[in-house]
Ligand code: SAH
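Single chain ahead, written as structure tokens, the form predicted alone.
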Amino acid sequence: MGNTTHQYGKVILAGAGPGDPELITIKTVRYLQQADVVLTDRLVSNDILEKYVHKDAEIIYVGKQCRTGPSTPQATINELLVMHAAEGKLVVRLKGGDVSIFSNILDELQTLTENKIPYEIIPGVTAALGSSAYAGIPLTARGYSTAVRLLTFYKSDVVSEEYWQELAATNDTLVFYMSAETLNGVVENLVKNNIAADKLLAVVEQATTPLQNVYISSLYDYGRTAIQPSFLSPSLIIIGKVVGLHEQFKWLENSNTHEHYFTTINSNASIHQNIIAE
């Protein structure tokens, strides 16, 4: 009796970095050049797809826009991973930033293991590191901070009142992902809990891209300064004493433009698209 074991392909879960296409890892580029299928997030530079993906690969857009627009359901992404791997293909699941920081990698890992599909995880430069570096804000500068907390406040119930008290008191640098739309709440909760006045707020908009802008404000003056009330996606929030180093160590000027670097999702477009011309 013949061997009926199904031979799957392989899935590579890889980080593309925070925006600058040169911040992608060599290992991820190598897999993109070998891939049969690339499932890409919205926050991946088009330059990466155009320069590094094999010309015969199928590129499938599976982006998400949180609360601001249409998104590809996670269940659909999981089905695509299984479908293409079942055809024996090498699939690269390309995520913005790092694959393990505020992504849906757990759902995808569970899907892959449940279906016994081989996979690898390749890290990428996460937004906190890219944003701070390109803004000249060393996150754990000696004498300013000895730790960093990566957080999110995308909805009001993800941070408890007790934790807000701790966050206001700590000298750790605070970095909030996916929280630009709820920034008012972040500021209000920290001020309400008497955060020190020498801890400043930075919003890094479209970090590491040619359209980067950095906005600095006192938490207590927020709302009465020139800082924008809304920001383009993605925007990262950095809070702490280290933000005060920006003015001294910034090495990029603000673009002072308000164009989108990353493509917004068209709700009428199919997620199955191949942008590489034959």
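Numbering starts at 1 and follows the sequence shown. Only a predicted model underlies this, so the values are computations on that prediction, with no experimental measurement involved.
Below, we refer to the form predicted together with the named molecule, which is not included among the displayed structures.
Enquirer: With the partner left out here, check for me: in the model of the complex, does some heavy atom of residue 173 sit within 4.5 Å of the named molecule?
Expert: So residue 173 does not count as contacting the named molecule.
Enquirer: Would residue 177 show up as a contact with the named molecule in the model of the complex if we use heavy atoms at 4.5 Å?
Expert: Contact with the named molecule, yes.
Enquirer: Please check if residue 164 has a heavy atom lying within 4.5 Å of any heavy atom of the named molecule in the model of the complex.
Expert: Because no heavy atom of residue 164 falls inside 4.5 Å of the named molecule in the model of the complex, the answer is no.
Enquirer: Does any part of residue 43 reach within 4.5 Å of the named molecule in the model of the complex? Heavy atoms only, please.
Expert: Within the cut-off, so yes.
Enquirer: Check for me whether the named molecule, as it appears in the model of the complex, comes within 4.5 angstroms of all of 28, 32 and 58 - heavy atoms only.
Expert: No, none of 28, 32 and 58 comes within 4.5 Å of the named molecule in the model of the complex.
Enquirer: Which of these stretches, 121-129, 138-146, 184-192, 164-172, has heavy atoms within 4.5 Å of the named molecule in the model of the complex?
Expert: Of the options, only 121-129 has residues within 4.5 Å of the partner.
Enquirer: Pick from 133, 90, 109, 101: which has a non-hydrogen atom within 4.5 Å of the named molecule in the model of the complex?
Expert: Going through each option in turn, the one that passes is 101.
Enquirer: Would you give me the residues of 146-168 that have any heavy atom within 4.5 Å of the named molecule in the model of the complex, in order from first to last?
Expert: Residues within 4.5 Å: none in this stretch.
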